[in-house]
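Presented as structure tokens, the chain that follows is alone, the form predicted alone.
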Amino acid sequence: MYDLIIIGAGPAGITASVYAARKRMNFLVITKDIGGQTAWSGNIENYTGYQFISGPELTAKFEEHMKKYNIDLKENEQALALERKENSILVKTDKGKYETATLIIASGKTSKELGVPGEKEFKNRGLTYCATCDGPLFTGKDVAVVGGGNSALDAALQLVKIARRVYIINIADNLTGDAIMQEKVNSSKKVSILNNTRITSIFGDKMVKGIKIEKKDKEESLAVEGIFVEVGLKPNSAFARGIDINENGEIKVNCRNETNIPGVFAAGDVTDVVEKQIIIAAGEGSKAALGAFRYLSRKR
């Protein structure tokens, strides 16, 4: 039986693993991928110690740090359910079962979908949820970014270097991303911002050919060959049944990263911590690991 299992290897999970390794805990990391949302980010300018670094570069730094320790890592594995036992927690995944005395849930978030006709049909056929991953496929093409927050603006700023034209489709009255990012977007002659606008459907044949948009009750078609969906994220908490969550599906934690179940901690974007930032997730991961170590020491 493990001292600790960490679910997730984004900034929170990786930092938790480094702290657990330094405490000489016997632990396991279970994750679908390395880096989480960080790996999908473009330019990062507010992570302490780096004036500028890209998401993939920072992910590589995280992974390098983590793998300096002899960590038991189960990659490409997804947690499906938790079972609480008398003195332990059983973690069930799509590949096995693992028992642990303490648990840190750092499973992060995934992209929300638009829920419009054509979205499922054209996924990976012109429609994507990751500008960092798929942006180069749309070199010289007209594309649409759906959303108005930091993720959407980050995607747009990546795409202006690649695409011929970038349309930002924003359902709100104004963009909501950071002022400095708005300034960069507004200064680009390649970007057209369509506020108070929503996508009603996506059309094409084998690949995306365009979108239908609605603005002030008027519907029109917009020819684009790429669609980047950046309308927010949903917590990866469905497997954590029995743990208290809020109305947004985020796991409730106190200032010590404790959940309502003794021995179960949570950290990062999957929790109800107000700000969703890489550096905050990393800090929360360290707190959770120290909390798990303290809990286990007192219990023993």
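Just count from 1 along the sequence shown to find any residue number. Note that the structure is a prediction, hence the values are computed from the model and not measured.
The protein also exists as the form predicted together with a further copy of the same chain; that form is not presented, and the subsequent description refers to it.
Discussion item. Quick check for you: of 31-39, 260-268, 46-54, 234-242, which stretch puts a non-hydrogen atom within 4.5 Å of a further copy of the same chain in the predicted complex?
Written reply: Of the stretches listed, the one contacting the partner is 46-54.
Item to complete: May I ask you to choose, among I213, M181, C130, V191, the residue with a heavy atom within 4.5 Å of a further copy of the same chain in the predicted complex?
Response: Result of the distance check: M181.
Worksheet entry | Non-hydrogen atom within 4.5 Å of a further copy of the same chain in the predicted complex for each of V274, K287 and R294 | The answer is yes; V274, K287 and R294 each reach a further copy of the same chain.
Discussion item. Is H65 part of the interface with a further copy of the same chain in the predicted complex - any heavy atom within 4.5 Å?
Written reply: H65: yes, in contact with a further copy of the same chain in the predicted complex.
Discussion item. So in the predicted complex, is a further copy of the same chain close enough to I14 to count as touching (4.5 Å, heavy atoms)?
Written reply: Answer yes; at least one heavy atom of I14 falls within 4.5 Å of a further copy of the same chain in the predicted complex.
Worksheet item: At the 4.5 Å heavy atom threshold, is N254 in contact with a further copy of the same chain in the predicted complex?
Response: Taking the distances in the predicted complex, the answer for N254 is yes, it comes within 4.5 Å of a further copy of the same chain.
Worksheet item: Can you name the residues of 1-35 that have a heavy atom within 4.5 Å of a further copy of the same chain in the predicted complex?
Response: Contacting residues: I14, T15, V18, Y19, R22, K23, R24.
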